[in-house]
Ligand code: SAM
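Just the one chain here, laid out as structure tokens, in the form predicted alone.
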């Protein structure tokens, strides 16, 4: 298969946003597979290549060779950042919830403490594809896959599978919020706030407004950006820390360039966010 034609075919197709998010999950898995093959890899994901599939692997390879940009490095940093975030959090909690889990293989590749339960939520067809690929693999935790449309009420499905809303938990929303409108982002963060106990954690990533002008294949499906994401989290009650790739907390030896001050708005930014519910909002 010609790589250039593969990329062009994908760029010329018109996807629904739901279908593109599913494709995006495979493309990110392809980036994880390429990172795993590096000698200086930031993590190891032995399941990524199979989860990505041949087409996504070819697209990721061609894009990396053609653009020579930092997207793959930034995605590798994002993966490692949230790997570390989750493992740090489960030193205190044992419930993990991954929304729009896609082709995430953390349940199978990270060293989870005994008693860890991971709830993965995504559309039924996405989970079915993932289950078919990983059916012979054993997770390193107690894993529960829950078919759910996150644009519809999903909380009861989580509770029915044993999630305890009176016990702290850690949540991951990776590569999701940019596909939602500002109102949908607020509502999702609010819904999570309402279902988690004090002491719970949340990790996610958000783009800034300027990043929405990107010519990247995914950009035409992005619906929201926030120059100061602290504001939307604080309005709900979350205590939040915001980082960018390249800062000491999100570098891992990959970036040596200094991150511009936050008041510089005319550059694309991807924020890595750690939030915590420390008290009920009065």
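Please read all numbers here as calculations on a predicted model, not as lab measurements. Residue numbers count along the first chain shown, from 1.
One more form of this protein exists, namely the form predicted in complex with the named molecule; it is left out here, but the text below deals with it.
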Partner-facing stretch of 160 to 168, 193 to 201, 137 to 145, 118 to 126, counted where any non-hydrogen atom is within 4.5 angstroms of the named molecule in the predicted bound form | 118 to 126
Just one of 108, 81, 179, 112 has a heavy atom within 4.5 angstroms of the named molecule in the predicted bound form, so which one?
-> 179
If we test each of 71, 87, 150, 93 for a heavy atom within 4.5 Å of the named molecule in the predicted bound form, the one that passes is 150
Although the named molecule is absent from this view, report whether residue 101 comes within 4.5 Å of it in the predicted bound form, heavy atoms only.
-> yes
The named molecule contact in the predicted bound form: residue 21, any heavy atom under 4.5 Å | yes
Does residue 33 make contact with the named molecule in the predicted bound form, using a 4.5 Å heavy atom cut-off?
-> no
Do residue 42 and the named molecule come within 4.5 Å of each other in the predicted bound form, heavy atoms counted?
-> no
For the stretch 237 to 260, return the residues whose heavy atoms include at least one within 4.5 Å of the named molecule in the predicted bound form, in the order they occur.
-> none
